[in-house]
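In the form predicted alone, a lone chain appears below as structure tokens.
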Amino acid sequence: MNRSVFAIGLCVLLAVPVASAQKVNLRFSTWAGGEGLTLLQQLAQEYNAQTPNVGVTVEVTPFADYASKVAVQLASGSGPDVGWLAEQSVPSFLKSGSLKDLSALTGDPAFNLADFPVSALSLWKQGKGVYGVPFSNSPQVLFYNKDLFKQAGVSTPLQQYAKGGWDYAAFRSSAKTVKDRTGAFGARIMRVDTKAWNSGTLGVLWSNGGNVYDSNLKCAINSPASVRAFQLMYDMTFGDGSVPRPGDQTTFQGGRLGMYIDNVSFSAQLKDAAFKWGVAPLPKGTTGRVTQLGQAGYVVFARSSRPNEAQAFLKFLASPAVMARTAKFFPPPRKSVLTSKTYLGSNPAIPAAELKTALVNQLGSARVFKTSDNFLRANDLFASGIERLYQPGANIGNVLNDICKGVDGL
């Protein structure tokens, strides 16, 4: 045999195992912060140790900008392989074909997709396909600063709830008293960034008969009930001065905010808080006590160059064993985890009784925010309109009418 030909053939043979052993680098996208982010980073390291040929880089984008940034990355071909997706973004990502079908997991007995309630998976299904696996099924709760309530001489939200008097009138009164007696703001309803305006706001709207969309996904944020709900929030801001005005960066973790509405995962950002805090159910409105069910899921993005490896990492994250660990921050949709004896004691910062009252007992009346498939564009109109609304002298009805004209015109 020709020696040069033999040498070339030998090099080719030797190259095969080298190429197959090349390390795969996956990009995992999230909006997590605090201890929740630390846990995700730790899980990525553990997965790399178990699967040496796969490395995972965790990338963080603030929640308010998350969906739009990931959509731009995907459109330009520079998107992540796997990551988080919030319920309000699912319709638009499905319409654009941005998500990989994960139906293969339905036939995997080890993964046990049947452990997820049908209601928890409904948002992530389209036709016969499954395009995401939820990891968090979390009704929003009310965080409150125990020190400020004690200083103000006001019963805490949890104490008022126990006596059956925790409604939005009590919420407003408590916030004003905290403001008047301590100088700190009594409450913040929505997040600092108006792009995330619906967080907190939806609980007030729904509990008082309002809504953002009607059953036909037509804009309903200008309905009479919605106007009344926004009037309450407006009056707390400009009448009572108990809620920060737009642009004010006061945060709950800073210790100068009496109450704040968020998902229980926010507790991860209170690890080093210099004050005592607790959680309680949201107040009751004219139509009941309704809170937003913040559902988020793991997805594999369709344009990933490593879809099989990305799906394997998703399977690891959504496994019963790992979900039992992430349950500390993200209330698990897996029935086997949610009903386990250890779940209520999974978050050492929140007593089991408080977690059961504020979160588990509210699941029955919680709602998922159902949006249209053009919500990424519509949200820009909602956010800009909300900024106009929260200005001195704003005509709430007119502003909300303008928002609906723009949203319905998309």
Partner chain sequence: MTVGARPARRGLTRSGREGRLGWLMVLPYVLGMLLLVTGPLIAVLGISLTQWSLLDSPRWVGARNYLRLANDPAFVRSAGVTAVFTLGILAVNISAALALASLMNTRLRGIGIFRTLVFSPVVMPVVAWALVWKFLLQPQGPVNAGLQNLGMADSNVLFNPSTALWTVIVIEVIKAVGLNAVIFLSALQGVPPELHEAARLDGATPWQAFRRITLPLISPTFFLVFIITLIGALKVFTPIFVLTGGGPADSTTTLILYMFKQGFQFFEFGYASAVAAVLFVLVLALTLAQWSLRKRLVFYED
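In this text, rigid core is short for the largest set of C-alphas that superpose within 1.5 Å between two forms. Just so you know, these numbers come straight off a predicted model, no measurement behind them. Numbering follows the first chain given and starts at 1.
From this point on, the text means the form predicted together with its partner chain, which you will not see here.
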Here the chain is shown alone; which of 162, 114, 75, 169 has a heavy atom within 4.5 Å of its partner chain in the model of the complex?
75
The unique member of 177, 211, 250, 231 whose heavy atoms fall within 4.5 Å of its partner chain in the model of the complex
250
Its partner chain isn't shown here, but in the model of the complex, which of 254-262, 324-332, 95-103, 124-132 has heavy atoms within 4.5 Å of it?
95-103
Residue-level question: is residue 71 within 4.5 Å of its partner chain in the model of the complex, judged on heavy atoms?
yes
Does its partner chain come within 4.5 Å of any heavy atom of residue 391 in the model of the complex?
yes
At the 4.5 Å heavy atom threshold, is residue 387 in contact with its partner chain in the model of the complex?
yes
How about residue 67: is it within 4.5 Å of its partner chain in the model of the complex, going by heavy atoms?
yes
Residues in 362-381 that come within 4.5 Å of its partner chain in the model of the complex by at least one heavy atom, in order, are 376, 377, 380
For residue 375, is the CA shift between the shown form and the other one at least 2 Å following rigid-core superposition?
no
Large Cα shift (2 Å or above) at residue 64 between the shown form and the other one, core-fitted:
yes
Please check if residue 80 moves between the shown form and the other one, taking a CA shift of 2 Å or more relative to the superposed core as movement.
yes
